[in-house]
Structure formats: C-alpha cells, structure tokens
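Only one chain is included here, represented as structure tokens and corresponding to the form predicted on its own.
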Amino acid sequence: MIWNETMECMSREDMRKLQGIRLKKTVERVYHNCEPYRKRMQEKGITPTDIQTIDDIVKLPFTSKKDLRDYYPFGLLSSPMSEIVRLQASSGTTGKPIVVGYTRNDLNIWGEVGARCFTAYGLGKNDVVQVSYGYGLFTGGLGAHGAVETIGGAVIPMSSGNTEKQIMLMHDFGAVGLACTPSYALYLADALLDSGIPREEFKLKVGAFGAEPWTEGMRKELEEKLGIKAYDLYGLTEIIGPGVGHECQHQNGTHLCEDHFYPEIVHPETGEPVPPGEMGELVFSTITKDGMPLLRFRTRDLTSLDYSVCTCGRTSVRMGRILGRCDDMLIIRGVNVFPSQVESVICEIPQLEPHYLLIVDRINNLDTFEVQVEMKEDFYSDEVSKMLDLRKQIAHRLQNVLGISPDVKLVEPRSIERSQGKAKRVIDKRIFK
C-alpha cells in the first residue's frame, strides 16, 4: 500500500526540480528570518540568489547539534513564537536539550510523512496500534500517535513502562501494530511470554521500531518472539521526529521522504560529498518546514543511499541500514568498534539472548574491552567446559568482525538491566580517567 503515490513514486527528474524549488524557498526563509543562518551565509559570501537548483545545496554551510545547543532555546526559529504551536526536545540526559518548534503546517507535514510509514507497513484505518514510545518532549510517542491518527487507525497511547498493563491492553484492545524502540519490544516479548496468555490470543502482526540502531539479527529475534513483521521507523528530533523514513514490505532499505527532507552523504571528516552508494555521514536539509528549518544538518549517522527504483514501486531514495553514529564509535586499542557490529555477532549465535553490555576501561595505560552477554535459559549451564567453549566461539567471531578480541563474559538470563526506552549498551570508564 502507498499513502501518497504522487510524491512517493515521482520520477527522479521531477523530484529534483521540486527539491530545488523547495530548497530555494527555505533558504530565503532562514536568511530573512533567522539571524544565525543569515550571519553564517554572509560569512561564506552566499545570498539566497546563489541557490537556484538542488545542486547548489553544497554551497550552504553545515548545521550541527552544537549550533542547536549554542542557540538554545529558540535562536534557530524561522517563525515568530505566535506561530509555534508545539515545542519538543531531544531525550538527552545531560546539559541543555535540543529544542524544536513546530507550526501548524509542520505538524500537518509530520502527520503526512508518518502516514506514509504506517501505510507502508500494511496498517490502515481498521487497525488498532499501541504506541509504546515515550510521550512528552521526546518525539517518538506523539510522532507515531499522529501517524496512526492520520491514516485513520485507533491509537492506544500507552507510552513506555507499566509493562503488565501494556500486555493486558495489547491483548484486550486487539492491537495489530506496536510502535516502540526495538530494545523495549524485546522486553515486552519476554513479558508477554511470562504473562501466560497464549500468543495466538493476540492480534499483533506489525512492529514499527526505531529511535536506536538495530540489526537484522535483532529483527529476526523480534519477529520470532512476537510473531510479527518488524519494520524500521526512522526519524530525528532535529528534522521532525519519526517519519523521516520507513521500510516497505520488501524491506530492502529505508525509504526517505525526500520531498520534505533532502538527504546527502558526506565524508565524516572532510564534509565533502561521496560517490553514490558509498558509506558516509548522512546529512539532511528540511525543505518544507516553517518553524525551525535546518540546512545541511549533520546527523552523525553512518549509512549509504540507493537511488534505484524499489520493487514496491516507490522511487524515493532508500537508506541502507545504519552502521552506527560517528559519535557512537569506540576506539579501542586503535581499532574502530561499533556496538551494532557486536550485536550482529550475538544475534547469530542461537545460545545467546540479544541483550548485551560493552564495558571499556583503561588499566596501566592499556584499553580493556569486555562484552557481557546473556545466555538463553535452555542453554545456561554450570558445566565449565561447555561455557568455556562457547566463550571461545564468541570471542573468535568477534575477533573476525572487529579485528580485536574482547573478554567475553556469559551472564545469567535476564541479568542485564532492561530498558523501557533507548537501550544503554556501552559503559566507557575511560572518560572518567
């Protein structure tokens, strides 16, 4: 199913023309209404007349999270506060949050792109969807909520937490869709099993998971445990929230709503564009937002773009699975390590649960690297030889993938702390030394 065939199936030539028109209008808006952007452009000797087509976007300066923090709370708004109808913020735990202001038109856009996502998952006006993302300043809950309402579905606005009630209402209300972080979905899967309610009594068939990186192994685990088809729901607070991109039923990349959010891939260090299909840092420009449009926002997400037409018929560019974030990358003994690489190995080993923790430390000027991972109950054993063999197997696989051998520690089932929001996967003790 396709929600907006005109935009989602537009020819590449027509899309680029539309993007150019919208970019020009947005540049004019920020230049005249947002002093920080105007100063930045003047420093580069750029005026709105220099932007005529989408190819001119490379002339514009980048925007970073630091800019949003420096101009906290409202310094990057391009609309007066009288036109701002909602304020949302990042889920950061330290320092000032990143604040985003939305006009009524922005909220309409958010609902529309969200509807594209949930329609692509096969959900419609006759379906009940349980939204277990956090509500409040975090964009996950209200973003998914608006998407379901736009397609005409019925929302269960659960938010996260209160797991026993989550399972009860999922069962009693006949939820067909579940929207939450993949780590919380795993938590709910275990709780569903513990509830004693037979799986066949649930109507659940679709999962819309996002807000944190997850692997194909995690997808298989969720699909097996919950009996669903699990889809990626991509979004960023700074750009709009969930709805920036989505998978279709062929699950061959994440379709980006590029008529609203223009994507680029640049080299993480130089900022120069990389050739099509190559891995690099994802950069977005919002080309239809009024409240707080951003130009060339550096997401720090590492991925690639595929411009070929999808089997589903959509022509919108597809983003590859995110390897990780530039700022999530750990450098251990000179080797670049992403948590997603560890997860991909763990999910391939049948004796393990997809719950793990990376602990990095520095002792006597040497980095230490420990991977704690849960055993499945059926395989947990007090036979030392069996556990040693499994530890060696895991360490060998991680060595092949990472280029560095960690100290693997097998822990009891359900001993690693569960998250009701974004999972905490890394403890880097070196930052305190």
Ligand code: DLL
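As the structure is a computational prediction, the values presented were derived from the model and not from experiment. Quick note: we count residues from 1 along the sequence shown, nothing fancier.
A second form of this protein, the form predicted in complex with the named molecule, is not displayed here; the remarks below concern that form.
Every residue in 64, 76 and 283 with a non-hydrogen atom within 4.5 Å of the named molecule in the predicted complex?
Not a single listed residue reaches the named molecule in the predicted complex, so no.
Look up in the predicted complex whether residue 90 has a non-hydrogen atom within 4.5 angstroms of the named molecule, and give yes or no.
Residue 90: yes, in contact with the named molecule in the predicted complex.
Does the named molecule come within 4.5 Å of any heavy atom of residue 301 in the predicted complex?
Answer yes; at least one heavy atom of residue 301 falls within 4.5 Å of the named molecule in the predicted complex.
Does the named molecule get within 4.5 angstroms of any non-hydrogen atom of residue 212 in the predicted complex?
Yes, contact at 4.5 Å.
Taking the shortest heavy atom distance, is residue 315 within 4.5 Å of the named molecule in the predicted complex?
Residue 315: no contact with the named molecule in the predicted complex.
Could you tell me which of 78 to 86, 160 to 168, 202 to 210, 267 to 275 sits within 4.5 Å of the named molecule in the predicted complex, going by non-hydrogen atoms?
Looking at the partner contacts, the answer comes out as 202 to 210.
Select from the listed residues 119, 130, 237, 183 the one whose heavy atoms reach within 4.5 Å of the named molecule in the predicted complex.
Filtering the options by heavy-atom distance leaves 237.
Could you tell me which one of 293, 114, 177, 140 places a heavy atom within 4.5 Å of the named molecule in the predicted complex?
Of the listed residues, the single hit is 140.
Output the sequence-ordered list of residues from 238 to 267 with at least one heavy atom within 4.5 Å of the named molecule in the predicted complex.
The stretch touches the partner through 238, 241, 242.
Look at the CA atoms of residue 298 and residue 334: state whether they lie closer or farther apart in the predicted complex than in this form, given a difference of 3 Å or more.
Closer in the predicted complex, by 3 Å or more.
Relative to the form shown here, do the C-alpha atoms of residue 247 and residue 338 sit closer together or farther apart in the predicted complex, given a change of 3 Å or more?
Farther: residue 247 and residue 338 separate by 3 Å or more in the predicted complex.
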